[in-house]
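Encoded as structure tokens, the following chain is the form predicted on its own, with no partner shown.
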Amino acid sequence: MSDLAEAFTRFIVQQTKAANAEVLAFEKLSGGAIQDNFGLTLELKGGSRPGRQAVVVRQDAPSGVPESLTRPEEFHVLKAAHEAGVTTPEPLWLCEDTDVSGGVFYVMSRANGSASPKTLVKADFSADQRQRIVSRFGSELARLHSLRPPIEQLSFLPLPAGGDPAKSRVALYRRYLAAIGEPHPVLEWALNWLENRAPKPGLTVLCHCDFRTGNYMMDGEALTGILDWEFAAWSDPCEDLGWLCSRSWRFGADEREVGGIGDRDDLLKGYQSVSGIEIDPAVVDYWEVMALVRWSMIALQQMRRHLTGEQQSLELALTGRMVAQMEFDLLNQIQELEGRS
């Protein structure tokens, strides 16, 4: 058994007061380019959770990006979403003592199924199944968006500057671009476009801010868990809807706007069925453009983690190479939106 598996197991035994624990499986999980995720399966004897336990341990990576929440903050967001009825892994225990494993981590239940974009986008779903899946995505986001400030356990999340989520994002990404210190004229032009066309501020809600294909688990056509809450923030509800519909997350199935899975109309109907709110598709269009800019910024920051030596990683370096494609998509998408007006 590895030192990490042993450390996590000791921690879980302490939390559950189990008499004994047998490690059945331990592995570092794929995905999670910013944090480290480990799958751990235990057989616990006695205590509060006897029997077979399949959990995921999510621990700080050696470096991160500025938008990321800390693990304690992410744990509290996950708890709030879980309590609001959103389909998430069950948050179990938080460990802030770095002597335990060398980093801060939390433990959650392990959702069944697959999060692989390749598997999900190429799945042989029928038209009815696709409609049900993306409608479910809409209803899940509506439940999440029922959480609105102020909420004491989420007091660490800042409100958008000036009460304007769109212009607050534009200002933030301009700061990110200045810190990167490279010329990116397409991104600068897109930020000007976003500033000039910012929608009137509406509701401010808790947004996942990274709900997209690759960050949810599916078992067949059943959604089993929404993952990776480290970018959660107070924002406009359409930020989540636009992010999920962004071309970047269709993985080649561009005709299916919602994560390469289904149609945007079904997503918005699912959202309205729970929230009672009729979303303006034009505002989702706007936030799709914002999504491309935001993902470009994150990709540039990921590449810098590699180039500066903070965390040597071929995956981080290659992420930076994706910016050119996103800039190309930005040029096409803005031209398409301009053509409609």
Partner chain sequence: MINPPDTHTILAESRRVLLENLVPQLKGDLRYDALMAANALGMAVRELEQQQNGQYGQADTILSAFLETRSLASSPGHGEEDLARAIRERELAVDDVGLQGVLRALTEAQLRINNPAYLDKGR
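Residue numbers count along the first chain shown, from 1. This is a predicted model, so every value here is computed, not measured.
The same protein has a further form, the form predicted in complex with the partner chain, not shown here; the description that follows concerns it.
**Student:** So in the predicted bound form, is the partner chain close enough to Glu278 to count as touching (4.5 Å, heavy atoms)?
**Tutor:** Heavy-atom contact with the partner chain at 4.5 Å: absent for Glu278.
**Student:** Taking the partner chain as it sits in the predicted bound form, is Asn196 in contact with it (heavy atom to heavy atom, 4.5 Å or less)?
**Tutor:** Result yes; Asn196 sits at the interface with the partner chain in the predicted bound form.
**Student:** Do Gln325 and the partner chain come within 4.5 Å of each other in the predicted bound form, heavy atoms counted?
**Tutor:** Taking the distances in the predicted bound form, the answer for Gln325 is yes, it comes within 4.5 Å of the partner chain.
**Student:** In the predicted bound form, does Val23 have a heavy atom within 4.5 Å of the partner chain?
**Tutor:** Taking the distances in the predicted bound form, the answer for Val23 is no, it never comes within 4.5 Å of the partner chain.
**Student:** Looking at Pro150, Gly102, Pro183, Gly163, which has any heavy atom no more than 4.5 Å from the partner chain in the predicted bound form?
**Tutor:** So the residue touching the partner chain in the predicted bound form, by this definition, is Pro183.
**Student:** Can you work out which of Lys269, Arg132, Arg174, His82 has a heavy atom no more than 4.5 Å from the partner chain in the predicted bound form?
**Tutor:** Residue within 4.5 Å of the partner: Arg174.
**Student:** Taking the partner chain in the predicted bound form, would Glu188, Asp254 and Gln335 all count as contacting it (heavy atom within 4.5 Å)?
**Tutor:** Checked in the predicted bound form: all three residues contact the partner chain.
**Student:** Given that the partner is absent here, state which listed stretch (279 to 287, 297 to 305, 44 to 52, 311 to 319) has heavy atoms within 4.5 Å of the partner chain in the predicted bound form.
**Tutor:** Heavy atoms within 4.5 Å of the partner chain in the predicted bound form occur in 311 to 319.
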